[in-house]
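Consider the single chain below, provided in structure tokens and representing the form predicted alone.
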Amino acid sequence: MGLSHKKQIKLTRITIKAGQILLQHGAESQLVEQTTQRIGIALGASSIELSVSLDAIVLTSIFGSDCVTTTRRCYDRGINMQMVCDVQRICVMLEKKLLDTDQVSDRLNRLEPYYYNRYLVALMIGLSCSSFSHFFGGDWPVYITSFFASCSAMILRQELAARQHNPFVIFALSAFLATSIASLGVIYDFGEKPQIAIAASVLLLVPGFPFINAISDVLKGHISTGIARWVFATLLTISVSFGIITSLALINVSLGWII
């Protein structure tokens, strides 16, 4: 079956759109590569060659002796596995011939990330961080301190993210706020081990997913992307540390577990 140049261009645009969505929402590089290749081949290409970096995709579709190459910037949209699963679902339906080219394009363009209610997210973050404080040996006063500190930090993080501030600034300010609130428990001796609240209230800022993706990329051969993700996650960690240290220095709280 032949593939005209016009159809190959359309195929290439659809394929790179799928890869762009995956990369923007936190998929690891190998998943982006495999899913994009599967979609391109299912649409009629002989081969799909692509290069994945932290913030861009370069893709070439090959059919016979014809090649079409395009590139897309991939701005960070936040980690959202719902979007990743939706693209994979479209890929499977395409491979089973339940969708045609136009339907795939339409579905990809209509994909919208689902977000939980922001206040529900802040509540659950507060409960999880305060539960960690209880797990670490904190009593109920420490639990309450951790809850309010982490909830406040999450709300600040959401507000700054909605205004598209730099992620390093967001993490530093959120860590500063959480530590400042939790430090009040140390100053006023709220609970038996108030220092635990300071450690527990900033757990929401641990960049675990970026670190996991970084290690996965390196182990699966995507060295440059893995290193870039590792550097980004490390800088986020440094930003959190800066916020914690700055807060403790300004409030003049000294904790033994820091030494």
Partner chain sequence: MHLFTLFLIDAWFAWIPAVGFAMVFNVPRNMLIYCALGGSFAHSLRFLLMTMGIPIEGATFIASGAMGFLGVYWSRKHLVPRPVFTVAAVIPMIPGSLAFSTILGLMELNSSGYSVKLMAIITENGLSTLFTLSALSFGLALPSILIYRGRPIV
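What you are looking at is a predicted structure, and each value in this text was computed from that prediction instead of being measured. Numbering follows the first chain given and starts at 1.
The following text describes the form predicted in complex with its partner chain, which does not appear among the structures shown.
With the partner omitted from this view, the residue of 144, 121, 160, 184 that lies near its partner chain in the predicted bound form is 121 [heavy atom within 4.5 Å].
With the partner removed from view, the residue among 165, 107, 72, 134 that has a non-hydrogen atom within 4.5 Å of its partner chain in the predicted bound form turns out to be 134.
Contact with its partner chain, judged by heavy atoms within 4.5 Å in the predicted bound form, is confined among 39 to 47, 201 to 209, 52 to 60, 186 to 194 to 201 to 209. Mapping the unseen interface onto this chain, residue 149 falls outside it, with no heavy atom inside 4.5 Å of its partner chain in the predicted bound form. In the predicted bound form, its partner chain sits within 4.5 Å of a heavy atom belonging to residue 125. With a 4.5 Å cutoff on heavy atoms, residue 245 counts as touching its partner chain in the predicted bound form. In the predicted bound form, its partner chain sits within 4.5 Å of a heavy atom of residue 154. Taking its partner chain as it sits in the predicted bound form, the stretch 82 to 114 comes within 4.5 angstroms of it through a non-hydrogen atom at 82, 84, 85, 88, 89, 92, 96, 114.
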